[in-house]
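Starting off, we have a lone chain in the form predicted on its own, written out as structure tokens.
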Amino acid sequence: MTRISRRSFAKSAAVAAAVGAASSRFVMPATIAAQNAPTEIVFHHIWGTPPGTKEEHRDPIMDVIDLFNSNEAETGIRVVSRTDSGSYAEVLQKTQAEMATGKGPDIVSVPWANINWAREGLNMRPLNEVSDQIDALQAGLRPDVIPLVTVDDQMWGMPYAFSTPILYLNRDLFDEAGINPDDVLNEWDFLLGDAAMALREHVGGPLLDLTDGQWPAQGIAQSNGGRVMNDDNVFVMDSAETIAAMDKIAELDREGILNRSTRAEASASFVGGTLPVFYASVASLKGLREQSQFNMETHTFPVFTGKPRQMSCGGSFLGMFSQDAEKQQAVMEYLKFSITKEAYELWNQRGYMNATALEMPVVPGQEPSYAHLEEGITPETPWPTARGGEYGAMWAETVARIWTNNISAEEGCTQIAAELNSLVGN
């Protein structure tokens, strides 16, 4: 299993930075720039404002796109931003339906876990097959992130939204109860200890939200020595280690520590100041900080006593979906631009970890994600085949059932491993 660490990033960054500096400016091929009318490429992603919703906070991705489009007269390219949903799955489902009609978008934000769904079910194109600009693109990236989008020696997109799950906490609630967050959050067993119970009594309800927890479930399993799927695409969540890890979270539910409301309700409770701890991507840092009126801090995920933490990465890469040769070249130019210094300084404010060869400051609050990276993180489970999205959803449903004690960890993990292995043909 591939592991990525901050130390290996540091070794590769010095080499990549010298090359990446050469591509830090935005230069367009004359064949594109000379056109009378701009080539429009549609960028379908999750970071904008979906139709029917109010834009409360402008996302940095819009500033990146606007900066690119400000050079339209020179480049002959215009990016059209589109956000139909804030859900990765819904974006991919809409993309799949459109690709079937031949009218799909040109760039799509694809979660790492859905790389096989996009390759085999959505006709995503490998970058090295459609462009001779691959070396220039890779020069601007840290070499250690490139394997995240490499399958069968082909690069299937550009690493961009690079994250880990972290914990967000309301420090005011901890201080009011006289509780040190480390005494509650450093180890999973601490969440069942005296400090956690005192905090629970103070707030009068659950302490921690892990709803929609399929993503952190992988890191929780790995941190107990388990796996969800091994390197041979065999589902192994029925191991004793993974079962024990899942049961630990179910125990938190049994003791009233785990929040049982919907994800939206939990988010509202945290922002409203009544829920002490909320799990989310490090990329939620900017938005949660802007919405919260209390002293918000971030924290690493707990560990199992005596065992190393090993979280997985999350976020997404930018995949090439255009089937038109001219638009494919335009897409490559946008991808290269988006990791130049002028563009990435804007994107870096979003909260994601730095995936480029550029030197970028650590945004306050990102420290837990970089601590996870230092310890060594793994790629998010790449669910196999064009049905990968379905398989991931099946595991997510099982995790939810286990963590709410609807089914035992042993029964749930054993059943889903057998079912998924049967579907994949293992």
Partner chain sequence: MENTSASLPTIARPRQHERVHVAHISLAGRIGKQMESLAPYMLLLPLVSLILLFVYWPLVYSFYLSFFDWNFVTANKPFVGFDNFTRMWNDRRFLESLNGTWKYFVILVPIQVFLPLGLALMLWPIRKSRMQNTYRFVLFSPTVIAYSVAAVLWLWIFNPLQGVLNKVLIDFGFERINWLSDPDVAIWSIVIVASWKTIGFHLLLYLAALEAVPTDVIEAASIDGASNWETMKSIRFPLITPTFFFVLVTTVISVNDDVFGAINVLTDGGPFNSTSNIVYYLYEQGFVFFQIGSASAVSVIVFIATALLTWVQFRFGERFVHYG
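Think of the rigid core as the biggest set of C-alphas that the two forms share within 1.5 Å after superposition. Because the structure is a prediction, the values reported are computed rather than measured. Residue numbers count along the first chain shown, from 1.
Although it is not shown, the form predicted in complex with its partner chain is what the next lines describe.
Heavy atoms within 4.5 Å of its partner chain in the model of the complex are found in exactly one of 280-288, 188-196, 88-96, 71-79, that being 88-96. Using a 4.5 Å heavy atom cutoff, none of 41, 159 and 424 lies near its partner chain in the model of the complex. Exactly one listed residue, out of 342, 297, 265, 238, brings a non-hydrogen atom to within 4.5 Å of its partner chain in the model of the complex: 265. Scanning 259, 338, 163, 222 against its partner chain in the model of the complex with a 4.5 Å heavy atom cut-off leaves one residue, 259.
With a 4.5 Å cutoff on heavy atoms, residue 353 does not count as touching its partner chain in the model of the complex; it lies far away. Heavy atoms of residue 181 never reach within 4.5 Å of its partner chain in the model of the complex, leaving it off the interface. Interface membership of residue 138, defined by any non-hydrogen atom within 4.5 Å of its partner chain in the model of the complex, is ruled out. Although the partner is absent here, residue 404 lies within 4.5 Å of its partner chain in the model of the complex, judged by heavy atoms. Interface residues of 383-405, taken as those with a heavy atom within 4.5 Å of its partner chain in the model of the complex (partner not displayed): 386, 387, 389, 390, 393, 394, 397, 400, 401, 404, in sequence order. Superposition of the core reveals a Cα shift of 2 Å or more for residue 101 between the shown form and the other one. Once both forms are fitted on their rigid core, the CA atom of residue 295 lies less than 2 Å apart between the shown form and the other one.
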